[in-house]
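Same protein, same chain, two forms; see structure 1 and structure 2 below, as structure tokens.
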Structure 1
Amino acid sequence: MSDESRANFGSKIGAILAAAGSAVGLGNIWRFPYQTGNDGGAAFILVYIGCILFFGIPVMIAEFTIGRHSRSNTARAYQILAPGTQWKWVGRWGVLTGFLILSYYAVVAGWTLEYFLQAAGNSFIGKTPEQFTESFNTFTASPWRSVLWLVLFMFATHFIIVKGVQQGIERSAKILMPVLFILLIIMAFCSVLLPGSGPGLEFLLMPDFNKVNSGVLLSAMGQTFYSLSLGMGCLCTYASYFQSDTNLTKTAINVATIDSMVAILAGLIIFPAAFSVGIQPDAGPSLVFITLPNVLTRAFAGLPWLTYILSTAFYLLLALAALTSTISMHEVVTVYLHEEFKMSRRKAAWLVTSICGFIGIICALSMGIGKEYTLFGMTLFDIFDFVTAKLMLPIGGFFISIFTGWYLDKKILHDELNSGGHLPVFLYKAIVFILRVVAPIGIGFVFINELGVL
């Protein structure tokens, strides 16, 4: 594809918001709270913040460098920067990972549509906590309802991808992000002010380091890559649309900050409220879908219209946040097929939508009628989550840091990091050191510890 047909993001803030749009999604609001709940609360959050600093931001800078310098899809990017080598497999690995994540992510994204409709239809008011649990279980067990929403969500993603992404992504992110942020702050306040929320706050803020084991480290590392959309060439693809004077380091820090703040806000909404209404923090993937409607109905028991507005707005924004993430995954695979196999963009998009939709349907069914079919105690849905988030993304991140730290011409890295503002020398050196040594050894260490591999 020529440079002219690769539209750029129109502004620097647009680039930040588009990347943040990919990063902020179900990973922050749905996955982060239940991982935190499963893995020990505050201690998990501290490890997670460490992972963002030592793996997340540097790998993001690496992906930005690769993408903007090559101005290409993630697989071709490696062929441009390392012609005739096997590095292209890192890009292809990313495309495969994106494809697999999209397939099961869209299932949960579909749940947000169901909950948006329930909220808009005023069906939360008057429900008891038990009824919320029951209605979630009935919904996910129903073979056709979750499939219907999944298919609808895939079509919505498809439609935007075909319509031309850059404009759509940039414009929607500019409005969506600030509104989502304000809504989350309001809801966090409501949750903290609920009677009996104290233990929830304690759970989030008082770390108990006895709870940190190698499983927690792997979870936090997986969550970092997942939440920041790293390790699969997604931000690499977006960076190929960045302007040539966008400051990559600043953009990476901004995106990571926005993403972490949204995750922490989600935690502040869920845990105080969960403790207040007596829901176990380790309730798993259903946590957001059971706790949140519960919180909203209980917090404003005397003001049903406020519950109505907040819950409708919340699920709508969550669906839109998920959409800006599914678009980014879809884009990685579509642009790869389009540019590498000379397919029209439309045809490539159809191929991705239909195959991911099909796998998604099987994942959705695995939570309901297929619940008995498990492997190592996990349903197909859980297996997809485990393999992609905890294995494939960190492996991608490992090779991306080695590629940028050791293989990539240092002049390219230096020039890319210094365009759009001079980077202090110590910061440049620190980034190179982390990419060469800290990130690969850190990721490798977590793997060896938890899985006995590498």
Structure 2
Amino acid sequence: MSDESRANFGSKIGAILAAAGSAVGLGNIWRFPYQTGNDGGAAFILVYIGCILFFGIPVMIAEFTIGRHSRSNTARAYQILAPGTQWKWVGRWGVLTGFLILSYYAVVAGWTLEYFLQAAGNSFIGKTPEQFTESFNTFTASPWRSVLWLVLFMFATHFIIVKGVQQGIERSAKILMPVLFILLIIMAFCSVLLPGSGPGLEFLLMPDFNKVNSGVLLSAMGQTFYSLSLGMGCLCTYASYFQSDTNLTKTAINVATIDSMVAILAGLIIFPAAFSVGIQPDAGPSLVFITLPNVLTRAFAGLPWLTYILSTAFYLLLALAALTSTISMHEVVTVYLHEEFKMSRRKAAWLVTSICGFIGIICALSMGIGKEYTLFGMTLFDIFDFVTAKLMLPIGGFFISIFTGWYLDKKILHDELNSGGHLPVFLYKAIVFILRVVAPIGIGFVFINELGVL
């Protein structure tokens, strides 16, 4: 074990909310709805919940075990648990993955601030669908607007990180996560009450199992991986701050439940509203920034004040969700530099903010003035997204499962899972089996599918 004086979360609820905040992000609020729209509605959701139970939670438990037992950053954790082996590269891979994702994720996170300002300025009222598209394209092509919001978002993340584990990460999670839930519930309630929202609710809640096929299964598994932030070191890092009596299995279940509830509430906001005005919510990444403003203005056309309130609230909660994720990714790299290179926490945070901010600026510009510079038909932003989401995350998750299922001393896994409560033997054996067999095979299929081979 590493130094026992290392910072810990001050409470169990703080640990759960911080870990949930790491998982909850843009993927829950825009990626989940359009995946659901593309892959069969309620049937996709049921398959997704199954993947959470039999795929996501066990891998999350594996990351929690590695992080809590090592009491160290993600990179050093594997050196502690497997000294003198090449497993150390799995931890370093996670740090690199978190670093790269933060660099381009902050670009989209910055967009939420722009749209929050537009909503707060009441600029959505009276726009046509074509004007929403033109507005988005003009904004992303601007050489300074997206850069400005990116920088501001990085500074907001930096401010929380330098405050430390309890005063920064935990305190922010205790504030941001409840606010996010309150906003989601209010917006979902308003959307469900819209005239003509019935078909949207039926699509979301009434499964048609004829739509379930191998493609839906793979999509659900991929969404599970993406949504729970598996394989990028965030959960492992946060688990290193867990107290010794934190029940890892219950914490993983609580985090997965919160994460899934956010995704389903996002669906309750988007589907009823979209169906009420005859719009299919399967517009991909443009759903949040082009389709949804159009949906809100048309759905509440007779109540412009309600359009104003709901659109402002939505982009506020989107910004909050993005912030909880950028905090966790920033922390992965910050604590790595702090512990491995003996930097002060403040200096390490500044280094991460500066380098990720610089890379993020280049990614932002690649969508505007630099969009003609491509590689394999992709801009720099697209390359970062492809390499991290479709290559690095699945590879990281695969080796985490192999390491925990096959290499890690089973006494360590057993003791960690029984800390804070007794885990039934059959459940322990099920988790080990999933980590040894089910998760590696499932991740392998997701990896192949994401590459377009299947």
Ligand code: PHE
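Residue positions are counted from 1 along structure 1's sequence. Since this is a predicted model, take the numbers as computed values, not measurements. By rigid core we mean the largest C-alpha set that fits within 1.5 Å across both forms.
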(message) Which number belongs to the form predicted together with the named molecule, 1 or 2?
(response) 1
(message) Taking the rigid core as the reference frame, tell me whether residue 112 has a CA displacement of 2 angstroms or more between the two structures.
(response) no
(message) For a quick test of reading the superposition: does residue 75 move by 2 Å or more at the CA between the two structures, rigid core aligned?
(response) no
(request) Could you check whether the CA atom of residue 357 moves 2 Å or more between the two structures, using the rigid core for the fit? (result) no
(request) Report, in Å with one decimal, the C-alpha displacement of residue 213 between the two structures after core superposition. (result) 8.5
